[in-house]
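Heads up, the chain below is alone and in the form predicted on its own; it's given as structure tokens.
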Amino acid sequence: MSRVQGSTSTPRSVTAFAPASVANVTAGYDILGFAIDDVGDRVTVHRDGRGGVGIRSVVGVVPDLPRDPSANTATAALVAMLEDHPLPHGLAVELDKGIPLGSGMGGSAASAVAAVVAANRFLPEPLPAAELFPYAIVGESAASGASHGDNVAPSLLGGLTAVVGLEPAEAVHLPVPKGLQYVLVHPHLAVETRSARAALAPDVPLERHVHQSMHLAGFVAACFLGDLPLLRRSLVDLVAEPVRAGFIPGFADAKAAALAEGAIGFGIAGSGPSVFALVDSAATSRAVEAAVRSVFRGHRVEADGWVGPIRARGAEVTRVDDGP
């Protein structure tokens, strides 16, 4: 039998979907993120009498992923979760990857999020979504080598989010200004998150830190005020973009094209190579997407694109199978 809501008996398997996300959002390195529709990862967690956490299969756009439970983002998150919330049985994972590896679309976070959301249904008293946040961060760190929650938070909670703490891990929702939409373009390239993080300077000069903090404060204020001109002025990255732009062929041309078509702001999604824009209408989103993809084609790079309003829903259980 399949269900999404229902009996409190221990299920045989649970499937959850976690959406892709855009992190950093230009002004908030390792802090800001938002969820997108139409693409994400799906994880099915099975009750397993052998104990422990294991991987049954990996399919989708990235089938070649680590099978070691401590190295795979989905199972690393579950190992951490079960240390605090042990079960009388093991868990076996089937991972269906919808997000390309090294895309800058939060693929490692989505796998971890979908895993903990599915496994949460096996607990005698399922945890609130916010309490799953630190376990998903552990999974994310298995891929990136660092604890950061700017992809995890929107994938888990939906909407536009800000990470406000890591010890303990905590994230909050920010209001989305009326009419705000995103454009996300993924050139068919890969940028490893670890390498992109390693390329950044370990220290930021005080003056640059102050100016970047002003942009982050302006972004947050613009969200609460619904002030798109302030949002435009605040979408500035003085820390990561100057370094990472060189990893993306045609980035400067793509940014100029997006702004010429009316984008409020343009930047690198996470570690890249995906890029994003924020816009104020559906018509503008379509024009910006076309312009950016055209620039990449001019650099002999094919690209996929998505447009729409920021996804309000986070990860969700899509199927529960009961059984003995």
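These figures come from a predicted structure and were not determined experimentally. Residue positions are given as counts along the sequence shown, with the first one as 1.
If you look for the form predicted together with a further copy of the same chain, you will not find it shown, but the lines that follow are about it.
Among heavy atoms of Ser195, none comes within 4.5 Å of a further copy of the same chain in the predicted bound form. Using a 4.5 Å cutoff between non-hydrogen atoms, Glu170 counts as a contact of a further copy of the same chain in the predicted bound form.
Proximity of His89 to a further copy of the same chain in the predicted bound form: non-hydrogen atoms within 4.5 Å are absent; the residue sits far from the partner.
A residue is said to contact a partner when one of its heavy atoms sits within 4.5 Å of a partner heavy atom; Leu228 fails this definition for a further copy of the same chain in the predicted bound form, lying far away.
By the 4.5 Å heavy atom rule, the three marked residues Leu200, Leu206 and Val239 all count as contacting a further copy of the same chain in the predicted bound form. Scanning Leu189, Ala245, Val220, Ala129 against a further copy of the same chain in the predicted bound form with a 4.5 Å heavy atom cut-off leaves one residue, Val220. Of the listed positions (Val185, Val163, Leu160, Leu95), a single one reaches within 4.5 angstroms of a further copy of the same chain by any non-hydrogen atom in the predicted bound form, namely Val163. Heavy atoms within 4.5 Å of a further copy of the same chain in the predicted bound form are found in exactly one of 250-258, 80-88, 209-217, 105-113, that being 209-217.
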